[in-house]
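Here you get one chain, nothing else, as structure tokens; it is the form predicted alone.
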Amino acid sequence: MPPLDIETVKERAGPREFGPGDDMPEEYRKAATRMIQFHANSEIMGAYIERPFIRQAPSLERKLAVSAQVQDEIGHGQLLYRAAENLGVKTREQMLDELASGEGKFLNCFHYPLSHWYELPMIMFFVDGAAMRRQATLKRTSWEPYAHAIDKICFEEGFHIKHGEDILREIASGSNHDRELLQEAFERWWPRILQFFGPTNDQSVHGGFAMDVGLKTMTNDDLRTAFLNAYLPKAEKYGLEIPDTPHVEYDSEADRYEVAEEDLDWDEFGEVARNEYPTGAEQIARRRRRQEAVEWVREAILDDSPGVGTTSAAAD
């Protein structure tokens, strides 16, 4: 099959149109790799900030559910690295090494650690809900291995969101003290959640090309509006007061929620995006230490010498 040029890719771009059997132009392969690697990294780093709550959850049922979620997120990351690997730009090992070294990028919300149980619904309900808004559209992405991975991811993320909502409901129906701490957590996380979808369309660096070649099917602004339409009423349903700042206003003419750009800290967002924000740097260092700690397992798996990886010594 002859190699595809970028103009042909734009003409043919549609849901699940391209796969490993197509000779894609380098521009497409690099853009798709960047997008999928970012998603994979985010799944892995999301698992890391949820992991402490396997022990800290207040009941056995909650511990089991958080444990299952953490395992799901790690699995999602591995699925996505495979989908990116098929593009032939980077190997899975290279992408994992980049994440550990601080070169790999990931979602802004996963640069901030969670300090107590009241914050967990901010990730498991609001952030996962925002992620679902984006991921649901990616079932129609043009790179078929990515769309295939998204099928499984969306199925499992639906359970995560329901679990997060159940925790939110439980806390919101608790004591006045519970509700005060929940509101404090919401006010702390709300600006970060509004920045989840990235810069507005006119400020987005990669969004236009990704739309042209079918990797993305909705813009940042459209995704943010869809999220606000769905989750502003849900926040209010559980008694959360929407903060005055950052200001959010519905534009009836444009049929869109508008977020006051000047109320958001884009300087901090940029620092986060460059992996330079202090708490994010700590998360990356933690990831690097964990990767180094299990290096012997990776070496045992890759070593095809007779008996390696199957002896009792290998399990020590």
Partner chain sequence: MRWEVFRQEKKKDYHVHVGDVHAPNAELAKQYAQVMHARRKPANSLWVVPKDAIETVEADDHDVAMGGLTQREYRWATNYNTGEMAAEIEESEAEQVEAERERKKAAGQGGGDD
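Positions refer to the first chain, counted from 1. If you're wondering where the values come from, they're calculated on a predicted model, not measured in any experiment.
Beyond what is shown, the protein has a form predicted together with the partner chain; the following relates to that form.
A.B. asks: On the criterion of a non-hydrogen atom at 4.5 angstroms or closer, are Q71, A136 and K234 all touching the partner chain in the model of the complex?
C.D. replies: Yes, the whole trio is in contact, each within 4.5 Å by some heavy atom.
A.B. asks: Of R179, R92, H148, K105, which one comes within 4.5 Å of the partner chain in the model of the complex, counting heavy atoms only?
C.D. replies: Of R179, R92, H148, K105, the residue with a heavy atom within 4.5 Å of the partner chain in the model of the complex is H148.
A.B. asks: By the heavy atom within 4.5 Å rule, which residue out of R169, R82, R188, H116 makes contact with the partner chain in the model of the complex?
C.D. replies: The option sitting close enough to the partner is R169.
A.B. asks: Taking the partner chain as it sits in the model of the complex, is I161 near enough to touch it, meaning that at least one heavy atom pair lies within 4.5 angstroms?
C.D. replies: I161 belongs to the contact set for the partner chain.
A.B. asks: Hey, in the model of the complex, does G129 get a heavy atom within 4.5 angstroms of the partner chain?
C.D. replies: Yes, G129 is a contact residue.
A.B. asks: Is E26 close to the partner chain in the model of the complex, meaning a heavy atom pair under 4.5 Å apart or at it?
C.D. replies: Taking the distances in the model of the complex, the answer for E26 is no, it never comes within 4.5 Å of the partner chain.
A.B. asks: Are any of the heavy atoms in E268 no more than 4.5 Å from a heavy atom of the partner chain in the model of the complex?
C.D. replies: Output for E268 is no: heavy atoms all beyond 4.5 Å of the partner chain.
A.B. asks: Looking at 245 to 253, 28 to 36, 58 to 66, 284 to 292, which stretch has residues with any non-hydrogen atom within 4.5 Å of the partner chain in the model of the complex?
C.D. replies: Checking each option against the 4.5 Å cut-off leaves 58 to 66.
A.B. asks: Using a 4.5 Å heavy atom cutoff, which residues in 11 to 30 contact the partner chain in the model of the complex? It's fine if the answer is none.
C.D. replies: P15, R16, E17 sit within 4.5 Å of the partner.
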